[in-house]
Structure formats: structure tokens, C-alpha cells
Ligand SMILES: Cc1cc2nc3c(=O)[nH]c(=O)nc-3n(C[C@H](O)[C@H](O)[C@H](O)COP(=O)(O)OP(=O)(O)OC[C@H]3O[C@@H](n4cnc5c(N)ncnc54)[C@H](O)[C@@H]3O)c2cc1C
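Next up: just one chain, as C-alpha cells, the form predicted alone.
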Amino acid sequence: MSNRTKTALIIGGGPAGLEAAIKIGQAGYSVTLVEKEPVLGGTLRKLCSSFPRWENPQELIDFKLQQLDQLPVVRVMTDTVVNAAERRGDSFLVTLQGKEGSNQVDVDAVIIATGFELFDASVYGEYGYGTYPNVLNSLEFEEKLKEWTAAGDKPEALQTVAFFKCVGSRDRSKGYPYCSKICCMYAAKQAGLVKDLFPDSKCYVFYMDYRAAGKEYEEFVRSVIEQKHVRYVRGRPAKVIPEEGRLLIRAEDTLMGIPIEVTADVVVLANAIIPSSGTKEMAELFGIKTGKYGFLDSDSKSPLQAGDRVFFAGACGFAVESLGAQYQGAAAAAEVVALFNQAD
């Protein structure tokens, strides 16, 4: 059998799915890349900048799309979802639903890269998410940062922005006990961007502790604190109260042992990373395991293998930064290429 007759189905066109499609396509195998949104890029497309090197995520997406364009063996299907999957020996008959109707494809391996969603912070009534318009989650604030950066149309009255970390993470009572891993870094990035855009503004990051375990990560956070003058306050805020169009934050600085009040124009919540609804659906369709909190779980064969001929990459397995998602996409692709090579 020619290697070009074998096809991998990749579900999700974010950084993990894009990388997997490119690597399998470069190995000469056919790929069907399915993305539910009208465009590729996933969450990466929504970001204003990246850590730890302040790079433009759109440039990475554009480069990956250029690579895809050079691979005729990769078929991209946007505005498309997976409706059904039936195992047939060493392959799957998969039903795809798009704007033009449904069609079926035979595939020899599957990589699930369905990304993540953010925990609904409205359960923290004391923070006013969903009630006060100036209380935003991290992705909503990324959209604001992109608008301010691109158009230069910045609010003149933005004086103070406050960031709350671990909203739904490391909280057994209202959220989840696990650490969402990437929040410390993107909160530092967002605070640094605010200081770049509004040099006279004040930024406060309320934290339990910060975790910067990655190459250049600690240096990145220290530069935000020391060079951009973002103030880190150790303590979980207790209450957000609307006050004359702004937001009064009551908290305790646990290092100083004193209560503090900060009045902010915007409060940004670092919500917990949770599995996307698509992740649950794909787990059911392909009969694969999920862990306690709904992330895809690996079997004993490989850290990125969820079942026979079914692999996964990116945040559907657990919270991961964009670069880590790319690494996992490449690793899952290597598993599929090795599988296809064995069959030749």
C-alpha cells in the first residue's frame, strides 16, 4: 500500500492541530484537518502577544498557514464538526458535518486537538463577573488588548487594572483543585502589555503564589515586576464593589499582614482552564478515556495515545502554553507517522 493512501484525521486547528497536520503532511501522508470555526488558529488567534518573548501570535499562525498551503496532501475543512465515528478494523469511518452538508471519510488514525475552555467565573459572585461590565476573563481582556494595540484607540481614563489569579483553580470549594499552569505567565504578560500601552497606569496582580517553571519564565515575570513596575500583592481578593463607575477591590496583603483597598477601572480574572465541550464529545465518539476532570487521558502505550490509533495533543489533555501545544502536536504526528510506516 502506498503511504499516500493512508489518511490521518486531525480534529481542531489550533497550534497543536496545525503542527500535527504539517508534520504528517511533510511525511507524505494524507491529512484531513477539521476545524469547527471559520478560520484556523484556535485560541492562539485571540492572543495579543506571547510569553516569554513578546512575539506576535498572528505571525506564527501566518507562517503555519503558509506551510499548510505548500502541502497538497492536507485537506482543510473549516466550519466543520465530527458527527459520528465507526471503527472498522484498523480504520475509522467518520461523518463530518459542514455548511455544505455531511460527508464520510475513511481514516487510519485520529489526533484530537480540541483545545480548552475557561471556567465560568460567575460562581464567584463576590467578583461580579457577568454582572459588572468591567470584570473580564483573560480571553475577553486579550481582545481588548488587541483592539487597543491595533487601532491605537485607547481609553484615556484607564488608570488602574487589577488581575486576580487562580479563579477556579486550586480551589476545592468553588472550582478545581488543580493548578491551571499557564495563568501566572499570561497574567504577567497582560499586565506588562497594559504598562506598555498606558505607561502612567497602575497594575496590581493578586496572587496566592506565582509559578514560572519554564525556560526564560522566571526572568520574564521578574522583568514585568522590576522593569514595568507591576505590583504583585500576595492574597486572594475578598470582594469587588462598584463605586462611581469604577471597581473597589478589598483584599489582604498576606505578606504585610494588612487589609488593602484598590480602586480599578478593569478587573481581569485568570479563570481555570477546563476541557472544551468538543473534547467530551470526541471522547464519547471514539470511546477513549478521560481523567477525573474531563481532560483526555493517555493509555500505557504513549503519553499522547488515548486508544488504538487515537492520539491527542494540546490543551484537551491539560492546560498548556502555545509552544507546548506545538511540541505535543509534533509528537502526536510522529506517533502517527511511525504507525503508518510500520504498515507499509
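Everything numeric here is computed off the predicted structure, so don't read it as measured data. Position 1 is the first residue in the sequence shown; the rest follow in order.
The protein also exists as the form predicted in complex with this ligand; that form is not presented, and the subsequent description refers to it.
S.K.: Please identify the residue among 32, 50, 26, 298 with any heavy atom within 4.5 Å of this ligand in the model of the complex.
M.R.: Only one listed residue qualifies here, and that residue is 50.
S.K.: So which of 336, 9, 22, 320 gets a non-hydrogen atom within 4.5 Å of this ligand in the model of the complex?
M.R.: So the residue touching this ligand in the model of the complex, by this definition, is 320.
S.K.: Of 188 to 196, 229 to 237, 101 to 109, 243 to 251, which is the one stretch near this ligand in the model of the complex, taking non-hydrogen atoms within 4.5 angstroms as near?
M.R.: Answer to the contact question: 188 to 196.
S.K.: Identify whether this ligand in the model of the complex is within 4.5 Å of every residue in the set 179, 275 and 306, based on non-hydrogen atoms.
M.R.: No, none of the three is in contact.
S.K.: So in the model of the complex, does residue 118 come within 4.5 Å of this ligand, heavy atom to heavy atom?
M.R.: Residue-level check for residue 118: yes, a contact with this ligand.
S.K.: Would residue 43 show up as a contact with this ligand in the model of the complex if we use heavy atoms at 4.5 Å?
M.R.: Yes, contact at 4.5 Å.
S.K.: Report whether the minimum heavy atom distance between residue 36 and this ligand in the model of the complex is within 4.5 Å.
M.R.: Close contact exists here: in the model of the complex, residue 36 approaches this ligand to within 4.5 Å, heavy atoms only.
S.K.: Taking the shortest heavy atom distance, is residue 76 within 4.5 Å of this ligand in the model of the complex?
M.R.: Residue 76: no, not in contact with this ligand in the model of the complex.
S.K.: If we check this ligand in the model of the complex, which of the residues in 10 to 28 reach within 4.5 angstroms of it by a non-hydrogen atom?
M.R.: Sequence-ordered list: 11, 12, 13, 14, 15, 16, 17.
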